[in-house]
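One chain follows as structure tokens, the form predicted alone.
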């Protein structure tokens, strides 16, 4: 029987667990720009443009590959303000055996989905979020019985699990687990810092910029010079640009700040990881490739991987 596949706004990857066994002939993907999600706090207007545009591009990509998608744009149906209301509206015209969704990144949304199951009278299968390399159950097992939850020890175990920067004898490459002591160089005014990546908005993104400008005047921030990637293809370009231009110096100046240089040598990919446009393993692999080809030093590569495999997974 048909399955309703609910894709949240930060789950924009075809490999997401909720799509792993999709049947394009019978199932339906549902995506929606909800007033509740866009206004429960006053988001920066550029964030709203990024989320809406990335969602629309992802839906268009799915449709181009033959997947059936019902996409509800901002205020297209003003009465549909929650995930429950959207799913109830879809169920008026079609029958489904269940709703499948990947575990949401926000506790608030998780509780809403759990309540929705009873309201809709239909099972909601919440699958693990495979955009992370350590799931909640695994972390709970790791934490059980420990007097201190030290990120450093968690990070080392994750390195071992995935054989990342580990020698054949099971030791850390270079002899140390952590090169943070080498990542505290004071910055100089003579540093040549590359400009941040900039993706020129296409027609679809321009439409979203206009929409946000008209409907979110009470929100903070400026819409000028929007240049974030909103597709997986462009997010991969940003990742590549980072590994070539910034990763070699990322380690040395990881904690450095200079007046007028808000970006420094950081990757600028957090929003792409959080939305699903990039996956952590491919970012780690890109850094490892740079190290193995002598394009980036060990302290930079280890420091970058620690942010992903250590801090991001741990937090």
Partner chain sequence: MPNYAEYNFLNAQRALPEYYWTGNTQMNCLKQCVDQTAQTAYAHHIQRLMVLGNFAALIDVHPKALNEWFLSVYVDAYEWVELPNVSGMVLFADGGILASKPYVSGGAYIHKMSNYCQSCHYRVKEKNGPKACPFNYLYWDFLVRHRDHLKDHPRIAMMYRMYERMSPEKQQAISNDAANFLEHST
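Treat the numbers as computed from the prediction; the structure is a model and nothing was measured. Numbering follows the first chain given and starts at 1.
One more form of this protein exists, namely the form predicted together with the partner chain; it is left out here, but the text below deals with it.
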{"property": "Contact stretch among 269 to 277, 285 to 293, 28 to 36, 60 to 68 - heavy atom within 4.5 Å of the partner chain in the predicted complex", "result": "269 to 277"}
{"property": "Distance check, residue 221 to the partner chain in the predicted complex, heavy atom within 4.5 Å", "result": "yes"}
{"property": "Partner proximity in the predicted complex: residue 155 to the partner chain, non-hydrogen atom cutoff 4.5 Å", "result": "no"}
{"property": "Any non-hydrogen atom of residue 132 within 4.5 angstroms of the partner chain in the predicted complex", "result": "yes"}
{"property": "Residue 177: touches the partner chain in the predicted complex, heavy atom cutoff 4.5 angstroms", "result": "no"}
{"property": "Contacting member of 237, 98, 185, 198, with respect to the partner chain in the predicted complex [4.5 Å, heavy atom]", "result": "185"}
{"property": "Within 4.5 Å of the partner chain in the predicted complex: residues from 70 to 105 (heavy atom criterion)", "result": "105"}
